[in-house]
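First comes one chain, alone, set out as structure tokens in the form predicted alone.
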């Protein structure tokens, strides 16, 4: 029996895996409606409707230091100090230019077990303080990550409220009728049932699946679709595939228009494999934005030293 064909992903392994399905997280029957968009279940071509401006929103985060509050029983209460930044790349298609804008940074210290402690420091190295009720150390990072995600959502809402078409990193988290698309680079859940999933292997750049509804019948339904980004070669059925979302409150005709638009536009800004460790899924505007945001956070070693000196000076 011949050995199966081996595939080497273009995705840098230090970023995890672009395809990491977890059957424990698979949606239960009835949560996904694959018949939401009329017509045959087959790939559909995208359509560039000439949208004049596109905003890509993303964020970066970094843990700057581990903290601890001493207790009388000798077991310290753990905490973390971290920095995050969010921003947007504004793509002016008529002017044929892009620029990074709307950069916002925050430094945040989070303590577990409901504890709080003053974290000394002076701008630009000063930290807000929050408390996490749980004593699970992983909840500290989750709380910190949630702060960044809220900052992203606030920026996405502001831009969309001004009539801008926004593509945000990660799933959609807003139910209002806005021209917003959530962009999901990695796959940990098998949303399509086996009899429908074969369509993914039929996708070429510029094509999308029909729309399907996630959370059908629930309070937070979202439109969703898959599409493929350009690669030198298709290594396997899911190579270069991304999933997009739009608010479920949008009428079908508007959701289909956004899906057609992204199917046509995203291949134009996909990262070549020699330029980005997460190519092609990490889009060129997003890669440029991430570099600017990391610069906005400042040097981690300098932040750590400033925090250490401030704490020692206040002791």
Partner chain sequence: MTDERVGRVLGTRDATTRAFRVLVDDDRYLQLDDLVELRTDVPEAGEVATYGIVTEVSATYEGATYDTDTRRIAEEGTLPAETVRTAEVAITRVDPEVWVSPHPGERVRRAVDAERDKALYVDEMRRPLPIGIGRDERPVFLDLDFFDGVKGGHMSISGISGVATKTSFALFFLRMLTGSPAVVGEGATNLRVLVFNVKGEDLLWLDRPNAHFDAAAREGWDRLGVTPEPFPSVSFWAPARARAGGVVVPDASGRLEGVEAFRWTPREFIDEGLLRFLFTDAGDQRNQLSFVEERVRSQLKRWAADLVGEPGAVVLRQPGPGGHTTPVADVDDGDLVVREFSDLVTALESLLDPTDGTDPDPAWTGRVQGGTIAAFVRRLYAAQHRLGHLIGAGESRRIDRHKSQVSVVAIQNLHDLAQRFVVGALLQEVFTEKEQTGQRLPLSVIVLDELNKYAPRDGASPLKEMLVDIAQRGRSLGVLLVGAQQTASRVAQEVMENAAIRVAGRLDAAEAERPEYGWMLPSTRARARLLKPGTMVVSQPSIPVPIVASFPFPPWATRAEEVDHSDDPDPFDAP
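Note that the structure is predicted; figures quoted are calculated from it, not measured. Numbering follows the first chain given and starts at 1.
There is another form of the same protein, the form predicted in complex with the partner chain; it is not shown, and what comes next is about it.
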Counting any non-hydrogen atom inside 4.5 Å, which residue from 127, 91, 183, 111 sits next to the partner chain in the predicted complex? 91
Heavy atom within 4.5 Å of the partner chain in the predicted complex, from candidates 162, 71, 176, 97, belongs to 97
Is residue 285 near the partner chain? Define near as a heavy atom within 4.5 Å, in the predicted complex. yes
Is residue 294 a contact residue for the partner chain in the predicted complex, using a 4.5 Å heavy atom cut-off? no
Exercise: residue 268 in contact with the partner chain in the predicted complex, heavy atom 4.5 Å: yes
Can you tell me if residue 66 lies within 4.5 angstroms of the partner chain in the predicted complex, counting non-hydrogen atoms only? no
What stretch, of 248-256, 35-43, 58-66, 273-281, brings heavy atoms to within 4.5 Å of the partner chain in the predicted complex? 273-281
